[in-house]
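This document starts with one chain, in the form predicted alone, laid out as structure tokens.
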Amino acid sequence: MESDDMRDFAAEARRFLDAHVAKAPDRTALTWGEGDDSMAYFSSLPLEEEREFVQRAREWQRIRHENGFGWITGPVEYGGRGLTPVHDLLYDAIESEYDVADTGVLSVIGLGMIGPTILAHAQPRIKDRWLPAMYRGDAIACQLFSEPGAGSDLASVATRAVREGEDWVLNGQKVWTSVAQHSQIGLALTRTNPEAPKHRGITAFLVPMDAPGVEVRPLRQMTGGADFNEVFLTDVRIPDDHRLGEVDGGWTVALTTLMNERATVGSEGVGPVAAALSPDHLSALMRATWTWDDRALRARLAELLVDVLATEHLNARALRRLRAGVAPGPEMSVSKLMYGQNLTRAAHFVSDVLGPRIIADTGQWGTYAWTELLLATPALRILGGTEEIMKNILAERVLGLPKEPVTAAAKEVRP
């Protein structure tokens, strides 16, 4: 039963939203051939439009923050409201009824992963400096984890950090870094002790992205956009108070980020792609393309929708645990794994439904638009930890299976 506190909070949220934005159109009411048929998972906007998109996200986050909804669960001393995750979930549910700016450029990585990591591991001056700025929309954060020679195997990072007096000097290369081109800070994992076991000689630092020696280069995707970047760190000097956690204790810091990352990626359930996976949308697509009578396709559709429902159930279970104060666990690795696989299967299923219409634009509503999702699927199975990493985690930490053998060649390339 909803408590008076929750009713009051919900009423306050609706008053705030009614005063600032209009109601969103009903996304569940599908009329085939009407509205935007975009299926883009990644942005393909021109640079100027992308900057305007980011500015709208910052502005809406600032308005949220000024009205007490920018960091609902955050500590009051850092600009948060000190309420529970249930209040946060309630606000998200109410806000989804309104036509607000997409704040994913701030929230998915920065507020969803880096913010909780800074709160848990940063030194007081860094918390004071960056947490209010992030949740006010002034600062965007990126994750400097993956490397060309390590991929998602974060224990094998080779970027070096060497102590020089009160500072650390960082050298190395990061890759597949989302939103680095918009970020003011980045959370970097570095190797500080090459002699220690690979999970131990790692230290985490918060890197100002405008520091001398930081260079961001965009990576062009086959969808046309450039959501990811390479980040080169060349003699980047970082004060010791920008260190998160203990020296050589960066693995613990990384785990905090990763658990929140998988919770964020795996629980994504809004936007045009999520709506396209609905039974109504996919069955309407089959009827519009005269494939509804194909029993083999309908069987595949049923299998896909069952897995989508199972993933939603898993997310709902994780949210119930969160409400009870339990930190994200291995179920979020399962959810992340299923999320990428479901989207990939959906794109391939639709390819078979559409045939040549997914590679040649006939102008028919709701057909060629699926190309963008199809071309994005390889990245969906990599971001947030590759499927191989997810399966290793589940095999070793959940099922208790022996660790994967490391070949002699692999040992030679590891630090």
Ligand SMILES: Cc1cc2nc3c(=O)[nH]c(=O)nc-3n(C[C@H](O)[C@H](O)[C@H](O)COP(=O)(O)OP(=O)(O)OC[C@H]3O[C@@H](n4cnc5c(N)ncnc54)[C@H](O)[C@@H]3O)c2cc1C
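Just so it is clear, the structure is predicted and the values come from calculations on it, not from any experiment. Position 1 is the first residue in the sequence shown; the rest follow in order.
The same protein has a further form, the form predicted together with this ligand, not shown here; the description that follows concerns it.
Shown without its partner, this chain lists 143, 190, 117, 335 as candidates; in the predicted complex, only 143 has a non-hydrogen atom within 4.5 angstroms of this ligand. Scanning 341, 178, 223, 311 against this ligand in the predicted complex with a 4.5 Å heavy atom cut-off leaves one residue, 178.
Contact with this ligand in the predicted complex, judged as any non-hydrogen atom within 4.5 angstroms, is confined among 385-393, 365-373, 345-353, 62-70 to 385-393.
In the predicted complex, this ligand lies within 4.5 Å of some heavy atom of residue 379.
Contact check for residue 12: no non-hydrogen atom falls within 4.5 Å of this ligand in the predicted complex.
Proximity of residue 109 to this ligand in the predicted complex falls within the 4.5 Å heavy atom cutoff. Residue contact check for residue 251: none of its heavy atoms lie within 4.5 Å of this ligand in the predicted complex.
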